[in-house]
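Heads up, the chain below is alone and in the form predicted alone; it's given as structure tokens.
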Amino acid sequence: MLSISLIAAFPELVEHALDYGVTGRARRQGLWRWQGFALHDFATDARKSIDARPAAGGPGMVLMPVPLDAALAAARQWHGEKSCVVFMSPDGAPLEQARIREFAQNTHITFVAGRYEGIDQRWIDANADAIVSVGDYVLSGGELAAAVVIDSCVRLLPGALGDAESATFESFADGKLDWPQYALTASGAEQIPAELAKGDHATVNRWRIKQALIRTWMRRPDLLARANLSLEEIAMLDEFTEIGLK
């Protein structure tokens, strides 16, 4: 079972987000468990303060180390052993599917969500095993970013998806985007690509591979530079680019 905890100002934001769909079903099946640790519960003063003014002045507030230390200690007690600590921050490493697969291999993960101007750097240096960003933009807090990473991890757990191949044949699984999808309906069959209507598995497979390559080339050519393409895939891509660029 994958055990996930979250240290945040408002962990209930993630609790509600993960109650639905794949993550909610997988949790009810016992594939993973969850616990949020609200920083205000670990404050040491009557006002339940978790932040302070930045050193040397400036706008905003900074999350203090003491409540974070107490929350991390409580999270470790809940896990029963040391967990991988992942700090969600816009200045972290860009999140990629390969990193998600690494996270999903852990047994215990503690996500830490920043707020306001961020977290005291001394605490990050002492405790964070990884610093991750979900994109080059700023959110009000790291809770929703943590929900994104948790969702991505849980869906990779064996048994989480209705079809185990769903996590294999999808965008980024092999360095490319997914091919276009069409719903199987009683009407409108004539409007789908002819290759999909023939029922020939080899034809369908070749069409899907080619369309995935085309979509990746058009939308995310940077992925192709890192993809390990077969000779057949390279030939498909060359054929398209020669025609498409004329």
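Sequential numbering from 1, following the sequence displayed. The structure displayed is predicted, hence computed values, not measured ones.
Here the subject shifts to the form predicted in complex with a small molecule, a form of this protein not shown in this document.
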Proximity to the small molecule in the predicted bound form (heavy atom, within 4.5 Å), stretch among 133-141, 98-106, 69-77, 117-125: 133-141
Spell out, yes or no, whether the shortest heavy atom distance between S83 and the small molecule in the predicted bound form is within 4.5 Å. no
Find out whether any non-hydrogen atom of P90 is located within 4.5 angstroms of the small molecule in the predicted bound form, and reply yes or no. yes
So in the predicted bound form, does any heavy atom of A145 sit within 4.5 Å of the small molecule? yes
